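Below you will find one chain, with nothing else, as structure tokens; this is the form predicted on its own, and questions on how it binds or moves follow later.
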């Protein structure tokens, strides 16, 4: 029997690669991260922040499955904010500004202290496979490393090409080489390869900005932490600022559209729709008088500022002229130019929901190679690829989250049922069951899986069960306890025809927060919990119970479709009555269930009815 150097090799040391390797180690297997520099693990190439709309839900889920991202940003964040609080808790989101260097250093230290994980410095060059099964990889320098599974988490390094005006630089990140041999290796193995684009803004010297002309964006207290494991005392947070483009900005950008490789034809690939360059903004939204630009510090130990919203690939001279037309930036000194970067990816119909490739057994793709954009999306995929790599080695069924269980499930299902032609970004609007997929209940949804796959400590699980029990006790207490309407001030104006109300009814009222209820709860001589997390969990359950129960009925219907499984080797040519487009899509995407088949673009309800009848007729 062959002896392998490692159980799993992870190609790439970004957010996807780190989460993949750590998941493998937590499950008791050995992992090697192959990356160019061991000191740059999880280095933020673009915006120095974690979270945001939809993305924060991913971070909470990663944390619930034992991942590192939430813990790392909690420890190194310089500003903490909650978004969307004027709306319901389903779309509440957390965003934390990072100290970019300290975040990277935290991850490097954590990985170094993790047993079963080694870091190998080198540039991946070739995937080694034998009879359709992966058996390792070889670096460009010729070093071979064997393994039973390989996870490719290559980010923008796969065939990376930087554009600044008409200047082209073969690189995966400024100053770092790209992996071209690896792209060639994947093509030789038969994978279809496409091309995508993303970009980054210039960096600015904060000492040369007139902050008095910009709007302050302060942090919040108490700190909205991502990880249940985190403990951090209140501190003086570093503010971000908001500024705007001007008519002078428009004039410079509009006069130089042809100087941008995005418009000159030099860049042929598609960029992210939801994060366009400043050139693209002025082109697509020509009637908009101005655009927001958020000035985000890169950390507490540097004066460097990231102008979020000013991504550009214009020539350096024009970039600098344009950025000096922003309000407060008239005398700013840029420290690094912005650029666009094209890179290779493998359209995700080539992977199964487990993220294992259909073509090569034991080979997994995670992150931008699947067409996604963003640290959080990459980390979620890396985590799932790591888990499934171990399960595959052990001969166990893959771990797949569906759309009703997690945003991770929504993301992977979107990737594997749709043709990704632009960088994919997750939003809460992508989830049809978002009332059930909130930030606050990530552990309720996923902790059972985490325990099953040995991704968390047993003490963590016991502690969480205790939290669930306390929450249930609090809910029952809120139902039983009543207060006189005359004793609750303005809150009582809503109940003028009643003498008393239950605290449950009070919390159901729109606009009433747990903060409003705290002074009332304090009157009950310590009967209620002093743990704010317990109280908020109870309040959310009470307020949205009816809506969640209604959505649960929809989820039950969804689950029935998901449970109609399609065998992996199913012969779609045997199904008579399918339209040609449906047949072609089924052959390409190879859906694993009737529900997934119905979500493929171009497939009609009629096609699903034909397929359903055939599956039932030939079941067993």
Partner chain sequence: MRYGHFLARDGAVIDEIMAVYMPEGRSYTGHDQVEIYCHGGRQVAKMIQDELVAAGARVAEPGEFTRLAFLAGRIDLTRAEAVAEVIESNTDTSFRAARDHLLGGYHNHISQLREALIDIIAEVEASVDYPEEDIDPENRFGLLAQLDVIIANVNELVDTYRGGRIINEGFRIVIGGRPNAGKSSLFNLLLRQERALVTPTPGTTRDYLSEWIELDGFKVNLIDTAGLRQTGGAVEKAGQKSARQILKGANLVIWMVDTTKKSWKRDLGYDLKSLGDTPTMLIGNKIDLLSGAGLKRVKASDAKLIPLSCLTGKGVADLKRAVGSRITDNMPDLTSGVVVTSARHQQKLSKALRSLKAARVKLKKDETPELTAFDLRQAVASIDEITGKIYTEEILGRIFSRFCIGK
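If you're wondering where the values come from, they're calculated on a predicted model, not measured in any experiment. Positions refer to the first chain, counted from 1.
There is another form of the same protein, the form predicted together with the partner chain; it is not shown, and what comes next is about it.
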Output flag, 133, 190 and 471 jointly within 4.5 Å of the partner chain in the model of the complex, heavy atom basis: no
Contact segment among 356 to 364, 163 to 171, 80 to 88, 119 to 127, judged by heavy atoms lying within 4.5 Å of the partner chain in the model of the complex: 80 to 88
In the model of the complex, the one of 331, 513, 292, 459 near the partner chain [non-hydrogen atom within 4.5 angstroms]: 292
Contact assignment for the partner chain in the model of the complex, among 197, 100, 445, 95, heavy atom within 4.5 Å: 95
Residue 309: touches the partner chain in the model of the complex, heavy atom cutoff 4.5 angstroms: yes
Close approach of residue 429 to the partner chain in the model of the complex, 4.5 Å, heavy atom: yes
The partner chain contact in the model of the complex: residue 524, any heavy atom under 4.5 Å: no
Residue contact check: residue 593 to the partner chain in the model of the complex, 4.5 Å heavy atom: no
Residues within stretch 132 to 147 having a non-hydrogen atom within 4.5 Å of the partner chain in the model of the complex: none
